Every structure is written in structure tokens, then in C-alpha cells.
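Next comes just one chain, in C-alpha cells: the form predicted on its own.
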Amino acid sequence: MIRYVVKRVILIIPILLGVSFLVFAILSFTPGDPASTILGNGATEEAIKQLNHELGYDLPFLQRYVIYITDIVTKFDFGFSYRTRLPIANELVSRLPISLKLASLSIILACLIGIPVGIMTAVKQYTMFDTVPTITALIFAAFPTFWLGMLLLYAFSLKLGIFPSYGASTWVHFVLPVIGLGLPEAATMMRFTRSSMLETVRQDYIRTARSKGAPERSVIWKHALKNALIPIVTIIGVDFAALMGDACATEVLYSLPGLCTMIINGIRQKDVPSVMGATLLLTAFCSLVVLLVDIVYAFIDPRIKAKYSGSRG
């Protein structure tokens, strides 16, 4: 198991290199330069060239990329923002907790709603307790998160004035963003849980437990749910990692100073170090979450743990 974890951690390195090269290339070959964006349309050609030289943006693409990666590997230096001239590392440290809080609360809300409702719809298949939640889940799953967020913002902030429309200073500021992200995710979680439970309750060992006279509550919660949750753990981890990167519209809509907002602002301002730093951090985080899911998966399913333990490669 330890060898497996070490291998997976080592595999993160080429993933980070590939993502960094791709993002760096896209930012470098798109039209425009940071000096023109910072100085504005009224700047002279000499001022633009001078600022690009100070930022190191006038160097060849591959040379700038090698310097950037070398600084990260040797000095753990992500550079400084072209616009604010502040270290990117400090910016990442201040913004990561906000993105983590938003994604964590959203996935918790999705699990609290989606998993119990999914179990209920599977147990009550083809009844009103199955049809109504399923239709509702299909509707919420079809909602774009930015559209749902705009509806919540309009109704509960602009019209009713119950919740603030921007900022992240208190927990109240996260209510609308978490609902906007969590409800569509809860719909997906409910449908996945329902499918997993339906597949599990049709297994032979469930029929055997019922034929032996085991109470239905025990059959569902003790026997079926334990095995049905195994694939659900995967979707929870993957979705949690995805929410870290999929919250761009929500963070911008509610003016949350998270990593996604940092990426969006960096793209607008041609701030390459800001975009690179936030992207690499999100990539590393997502890779580690997927690895953690695989480890948890192994502890839940003894067959997988035995496979890892017996592997020599």
C-alpha cells in the first residue's frame, strides 16, 4: 500500500509539469502583453517595452518557462504579481481557505441532501417518494450554477435583503454561494446514490438476508448501504476536487476572493504568475484528493486493500 501511495505521489509531478506548460503556453501565445494591460491605451511604446523588460516578459517563451519552473523547484518561489508586485505565494495562502470553505460546505450540503434522498427513492421505487424527488433532481441538475446563483442573489439579497451579495468575512456570506453550488451537486449525488442502491438491493446476498427474516431496516442500512456507499465515496471525492475548480462563476458572482477569482482576474490582466500559481495549486490539490479517495476506497473495500498489499510493482 505504501508503494502504491508513493507511486501515485510521484505521478503528480509529470501532471503538474504538463499542466504548467500548457497553461503557460496558452497565456504566452494569446494576444496582448502585461505591460499594455497595466499601463493602458495611452502608454508609449517605450514605456511598454521598459515594463515588459522589468517583468521579464520580453524573454523567449521557453526561457521564461524554464526560469519559472526552476524558481519553483529550487526556491519554492511562485514569482510576484505583475499588477500588484506582491508575492504570489502570499496571495495563494490567503485565497486557498476561501475556496476550500466554499467547496467543503457545498459538498457537505450535497451529501446531506443527496445521499438520504437517494436511499429513500431506491427503497420506495416507483412510488411518489421516488417520482417527485427524481423529477426535482433532474430539474436542479439541469440548472447552470451561475444561473441558479443569479436567481438566489436576486431573490434573497437584492429583493429580500436577507443575505449579503458579496464578500467572505462571515459565514453568512457563504450561504447563497454554498446553496447555489450545493443544490445541483445534491441532485447529481441523489441520482448516483439511487442507482447504486438499486443495483445493490438486487444482489443475491440481499435476497438471502430477506429470506432469513432479517428486518427490512437492517437489510437496507446494515447490508445494502455499506456496499452501495463504496462507489459513492469516489463520486464525493472527485466532485469535491471538481468544485474547487468549477466555482469560478460562483466566486465572481458573489465577489469571493478565492483561487478561481484569482485565475479569472489574472487572465483579464495578463498576470501570468497569478494564473500559473492558482492553477498549479488547484491541480496539485485535485490530484491529492483523488489519491486520498483511492486510499479510503481501499479501506472500505477489503478486496482492494488486499490487491494493493499484495502488489509488488
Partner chain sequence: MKKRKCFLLAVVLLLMLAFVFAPVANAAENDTLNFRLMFNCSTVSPYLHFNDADWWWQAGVFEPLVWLNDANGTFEPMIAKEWSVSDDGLVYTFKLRDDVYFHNGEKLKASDCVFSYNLAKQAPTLTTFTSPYDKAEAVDDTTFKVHLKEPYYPFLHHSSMIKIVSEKAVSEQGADFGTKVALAGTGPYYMTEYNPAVKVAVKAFDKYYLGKAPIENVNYIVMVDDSSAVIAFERGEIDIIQVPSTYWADISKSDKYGSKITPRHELYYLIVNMNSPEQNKILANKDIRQAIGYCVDKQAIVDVVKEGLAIPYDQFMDPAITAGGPESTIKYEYNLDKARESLKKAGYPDGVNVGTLMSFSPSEYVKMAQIIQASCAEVGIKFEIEQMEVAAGLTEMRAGKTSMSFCASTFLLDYDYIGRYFHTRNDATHFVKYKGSDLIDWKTIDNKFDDGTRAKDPAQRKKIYSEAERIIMDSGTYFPIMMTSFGMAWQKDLSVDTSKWGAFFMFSPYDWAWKK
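Just so it is clear, the model here is predicted, and its values are computed rather than measured. Numbering follows the first chain given and starts at 1.
What comes next is about the form predicted in complex with its partner chain, which is not displayed.
**Student:** Just to confirm the contact call: exactly one of 239-247, 159-167, 182-190, 121-129 touches its partner chain in the model of the complex at a 4.5 Å heavy atom cutoff, so which is it?
**Tutor:** The contacting stretch here is 159-167.
**Student:** Against its partner chain in the model of the complex, would residue 154 count as a contact residue? Criterion: heavy atoms within 4.5 Å.
**Tutor:** Residue 154 belongs to the contact set for its partner chain.
**Student:** Does any heavy atom of residue 202 come within 4.5 Å of a heavy atom of its partner chain in the model of the complex?
**Tutor:** Heavy-atom contact with its partner chain at 4.5 Å: absent for residue 202.
**Student:** Considering only heavy atoms, tell me if residue 70 and its partner chain come within 4.5 Å of each other in the model of the complex.
**Tutor:** Residue 70: no contact with its partner chain in the model of the complex.
**Student:** With a cut-off of 4.5 Å between heavy atoms, is residue 95 one of the residues that contacts its partner chain in the model of the complex?
**Tutor:** Residue 95: yes, in contact with its partner chain in the model of the complex.
**Student:** Please identify the residue among 109, 150, 89, 141 with any heavy atom within 4.5 Å of its partner chain in the model of the complex.
**Tutor:** Selected residue: 150.
**Student:** Just to be sure I understand the contacts: of 260, 27, 281, 51, which is the one whose heavy atoms reach within 4.5 angstroms of its partner chain in the model of the complex?
**Tutor:** Only one option qualifies, and that one is 51.
**Student:** Select from 232-248 the residues with a non-hydrogen atom within 4.5 Å of its partner chain in the model of the complex and write them out in sequence order.
**Tutor:** Sequence-ordered list is empty.
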